[in-house]
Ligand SMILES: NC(=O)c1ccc[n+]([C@@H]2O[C@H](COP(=O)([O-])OP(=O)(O)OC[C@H]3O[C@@H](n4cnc5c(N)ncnc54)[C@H](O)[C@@H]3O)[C@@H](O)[C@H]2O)c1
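A lone chain, given as structure tokens: the form predicted on its own.
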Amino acid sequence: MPQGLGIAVIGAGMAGRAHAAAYRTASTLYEPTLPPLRLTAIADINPDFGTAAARRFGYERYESDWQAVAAADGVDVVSVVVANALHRPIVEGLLAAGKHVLCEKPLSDNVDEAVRMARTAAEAGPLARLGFTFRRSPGIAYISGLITSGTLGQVLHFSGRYWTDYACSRTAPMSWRFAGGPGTGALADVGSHLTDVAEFLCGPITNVSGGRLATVIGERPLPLGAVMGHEHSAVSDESVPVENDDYAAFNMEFAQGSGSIEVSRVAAGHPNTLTFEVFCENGSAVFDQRRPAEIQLFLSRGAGATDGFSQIILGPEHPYLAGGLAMDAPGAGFGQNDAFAYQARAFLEEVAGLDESRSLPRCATFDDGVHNMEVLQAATQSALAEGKRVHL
């Protein structure tokens, strides 16, 4: 059997390419050195997407289906990056075949399926982990540390938005992203990320209320060919109904503090804007994904107290940066692609049995993924009940 870890990625779309690239970079991050990595296969139902990704990122071969990856002796680690409704059969098949699995968020397209996946993962020998890449942002981790250390103090109020614009155009083609029941649209796509960030900073959400779901573009044209990620493509004259939400919002309460979340896929001019403010007893902090190498910080008490917000440029004294990127000097920067590499590194460290590092904690579990989906389900239930409070 070949030495080292054989890597495969199922799904060659936008996020699949991010996973494929991340595994190429993972061995260059941190110490100690990972076992040798073999980039073995990329699988996708579309041969053009799959073969192009395999060539681009240096994987040995293209496979047309996930079963071939499951059956391959030389594959040890697999990322599953496909439509949410397809996660369960693929993940369970890979675990049964002895593969370690890193699954994209959200865990599934409904809570019942997610619970089944978590049970299977708990009984399996191989590892099963979930991709919440924003946990890997040094700025978000730094703010979390300021809260838990007492510098910012108890959270009083969280306000978060994740605005995207990939569905602004009425000519954006129908795809799996627009199919499914209430809550499987913008709420699941980007709301899953923002909800995880909110709990990463503020602790578990205890209840939600004021849920709102809106489908503002009711029909989409059918594509003439395959659709990758958020890209537009040639469309036909035939349109079909959109089945889920373009916009979603809800209020939430934590054990201490409260807040609100607003997400959209029709926010013109915002291709990828995750931003939040967290207000605490001793000050507040602001994060904006468009400027991921900095945060804004206001401290009302203590030695660092100021009259307003200060810009904090992230560097090696902040989480995840020192010893991580090849150039970890102050001002070198950090972006969302780097977060995928950090995530891959953390997963591979756990697979390889390396000790957990405080500088790069483990990836989320499937139980975390179930909880995340329960919050989104509660937000959906609130929306369908005209804003009624739903307890978790």
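Worth saying up front: this structure is predicted, and the values here are computed from it rather than measured. All residue numbers refer to positions in the sequence shown, first residue = 1.
Just so you know, the form predicted together with the ligand exists too; it's not on screen, but the next bit is about it.
**Asked** Just to confirm, V370 within 4.5 Å of the ligand in the predicted bound form by heavy atoms?
**Response** No, V370 is distant from the partner.
**Prompt:** Any chance V115 has a heavy atom within 4.5 Å of the ligand in the predicted bound form?
**Reply:** V115: no contact with the ligand in the predicted bound form.
**Prompt:** Do I45 and the ligand come within 4.5 Å of each other in the predicted bound form, heavy atoms counted?
**Reply:** Result yes; I45 sits at the interface with the ligand in the predicted bound form.
**Request:** Answer yes if any heavy atom of L384 is within 4.5 Å of a heavy atom of the ligand in the predicted bound form; otherwise answer no.
**Result:** Close contact is absent here: in the predicted bound form, L384 is far from the ligand, nothing within 4.5 Å, heavy atoms only.
**Asked** Using a 4.5 Å cut on heavy atoms, which of R220, R135, H100, K105 is close to the ligand in the predicted bound form?
**Response** The option sitting close enough to the partner is K105.
**Prompt:** What is the one choice in V81, I295, A167, A121 with a heavy atom within 4.5 Å of the ligand in the predicted bound form?
**Reply:** Exactly one listed residue reaches within 4.5 Å, namely V81.
**Prompt:** Exactly one stretch in 176-184, 143-151, 301-309, 68-76 has heavy atoms within 4.5 Å of the ligand in the predicted bound form; which is it?
**Reply:** Result for this chain: 176-184.
**Item:** Sequence-ordered residues of 12-33 touching the ligand in the predicted bound form, heavy atom within 4.5 Å
**Value:** Heavy-atom contacts within 4.5 Å come from A12, G13, M14, A15, G16.
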